[in-house]
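Shown here is one chain on its own, the form predicted on its own, set out as structure tokens.
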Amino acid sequence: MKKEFAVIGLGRFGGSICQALSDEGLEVMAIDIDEDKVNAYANIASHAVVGDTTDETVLKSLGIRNFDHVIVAIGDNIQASILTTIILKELGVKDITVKATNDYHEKVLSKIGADRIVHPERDMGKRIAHKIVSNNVLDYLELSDEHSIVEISANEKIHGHSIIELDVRARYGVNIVAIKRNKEIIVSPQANEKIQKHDVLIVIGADSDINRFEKRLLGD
């Protein structure tokens, strides 16, 4: 059976999640207190409902506890976001992801038991900053406060060298988990795989180790 999702709050963030889940062919209920926003997603989501999610009776009437995953994407009303999350927890929703608008909001959400907290503006800022400060970093995904996955463009400096010759795990503490080469993706490349200029290395490790690897091995 396909998982069923509910997205509460249809601003830019919630709307984009609703669209992406619907594009994957998943069952999505879109909920917002603003009728115009709900109408905008009436033909995108499986169901689109006007409702005040700070009202427990409203959430119960929607059968919210039967959804596999609820995303609380309320962005402009922190109190509504917190109250909604509390009610969802009390109703026994299995998996709750909540958008935090600032660090204080994030701390409160953590204390009341949100399963996953996302900070889209901050996280996007970090991704952009990493791209700006390095010519080699193509993309960046934060895994935790200290660990990330990055896409790094290989240059002439390491062209023709094999992974075992570069010895990145021992020297830098990072792992090359895949290589994008043109349209091909080499997953878990062998130690004797030779790096080619313009390969995209998908590297995982601690942020400090990734920075050392990028600066010393790939730096101009």
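The first residue of the sequence shown is number 1, and the count goes up from there. These numbers were taken from a predicted model, which means no experiment stands behind them.
One more form of this protein exists, namely the form predicted together with ligand ATP; it is left out here, but the text below deals with it.
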query	finding
Options 151-159, 174-182, 47-55, 63-71; stretch whose heavy atom lies within 4.5 Å of ligand ATP in the predicted bound form	47-55
Heavy atom within 4.5 Å of ligand ATP in the predicted bound form - residue from 163, 29, 33, 40	33
In the predicted bound form, the one of 117, 137, 93, 80 near ligand ATP [non-hydrogen atom within 4.5 angstroms]	80
Contact of residue 210 with ligand ATP in the predicted bound form (heavy atom, 4.5 Å)	no
Exercise: residue 10 in contact with ligand ATP in the predicted bound form, heavy atom 4.5 Å	yes
Distance check, residue 123 to ligand ATP in the predicted bound form, heavy atom within 4.5 Å	no
Residue contact check: residue 145 to ligand ATP in the predicted bound form, 4.5 Å heavy atom	no
Sequence-ordered residues of 86-110 touching ligand ATP in the predicted bound form, heavy atom within 4.5 Å	99
